[in-house]
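Only one chain is given next, in structure tokens, and it is the form predicted on its own.
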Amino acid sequence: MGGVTSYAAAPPPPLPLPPPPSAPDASATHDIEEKDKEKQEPTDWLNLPCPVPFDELQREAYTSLKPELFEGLRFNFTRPLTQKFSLSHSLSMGVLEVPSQTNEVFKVSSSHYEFGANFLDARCMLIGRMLTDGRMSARMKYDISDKLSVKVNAQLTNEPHLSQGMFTFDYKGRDFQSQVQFGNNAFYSANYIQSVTPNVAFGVEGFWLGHQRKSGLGIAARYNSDKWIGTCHVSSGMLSMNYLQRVSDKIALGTDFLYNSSTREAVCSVGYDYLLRHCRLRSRIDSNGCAATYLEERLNLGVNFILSAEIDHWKKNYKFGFGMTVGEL
């Protein structure tokens, strides 16, 4: 018999196996574990963290948004003589802005040399400066104990009634910090800041200036977490708020808002702080159209190159400065 050909349909191919479940994201898992840990661990209200000092309430935002801009040439050299004592030399050549009643900016050339001596110890710090125009300044900090410290700031000038002196006492508690200041011209001030939760702190301040018969009160609040920091400060008709977001270990974004009730003026600025391997770049722009950039480039160990630029189109004020820093305190 001849062969028989079968026309039956071939069996269907097997269905593909489902893909294996993907591994969970490490960052998401870490965040979930942290949240579960926070839920499980109750807050110890008798063991709250110590807040930052009241005068350093906005230090992170100011460091990122308001670097020390300058115009002209600047050169700083620090020479250590021992592990605790060093000498410093500073040369500056630039311009000074003369106040005027109009929006125009008047500048005059200026230059000076500054000689300094520094003593740094585990409990004591002494810093002295002398300029070629006759001005002298001195700063001292001494830790009486782990909780109590005293600071002295003084500045002497050839011009009458412009010399200043200030004494400051700082006390650091377990979950609070307080400060008392008094100086010349019958100046007295005190402030206190208290942690109310592991992330929130509230503070209050007051001052009295006897010669001018002026006084003022202020309140402040600060929220600090691993990702962002926010502060609000109200004092003598001034409202100041700032916010700093840590995008990563090297990048931070910040913004601040300042309102003066007496002049009814408000200024808002935004900026960033970018930390590279050998340099640090900080830039900002405000609501008045003023843009600024500050660059610190590390050329070698103890040698830094600095560039500073600021552009104010509204006032037609343009600043550019460069400098170098050799040695560290």
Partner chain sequence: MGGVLSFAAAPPPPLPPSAADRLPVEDTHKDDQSEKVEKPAGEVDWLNLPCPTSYDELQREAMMSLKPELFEGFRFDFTKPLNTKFSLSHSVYMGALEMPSQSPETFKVPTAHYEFGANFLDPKCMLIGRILTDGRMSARVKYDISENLTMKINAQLTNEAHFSQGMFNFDYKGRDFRAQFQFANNAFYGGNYIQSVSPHLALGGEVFWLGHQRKSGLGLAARYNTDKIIMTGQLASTGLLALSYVHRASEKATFATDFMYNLANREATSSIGYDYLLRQCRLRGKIDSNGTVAAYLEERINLGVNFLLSAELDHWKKDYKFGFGLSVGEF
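Here the structure is a predicted model, which means the values were calculated and not measured. Residue numbers count along the first chain shown, from 1.
The same protein also has a form predicted together with the partner chain, omitted here; what follows describes it.
Judged by heavy atoms within 4.5 Å of the partner chain in the predicted complex, the contact stretch among the candidates 169-177, 105-113, 231-239, 194-202 is 105-113. Shown alone here, L148 lies farther than 4.5 Å from the partner chain in the predicted complex, counting heavy atoms only.
In the predicted complex, the partner chain sits within 4.5 Å of a heavy atom of L73. Taking non-hydrogen atoms only, A122 never approaches the partner chain to within 4.5 angstroms in the predicted complex. At a distance threshold of 4.5 angstroms between non-hydrogen atoms, M93 is in contact with the partner chain in the predicted complex.
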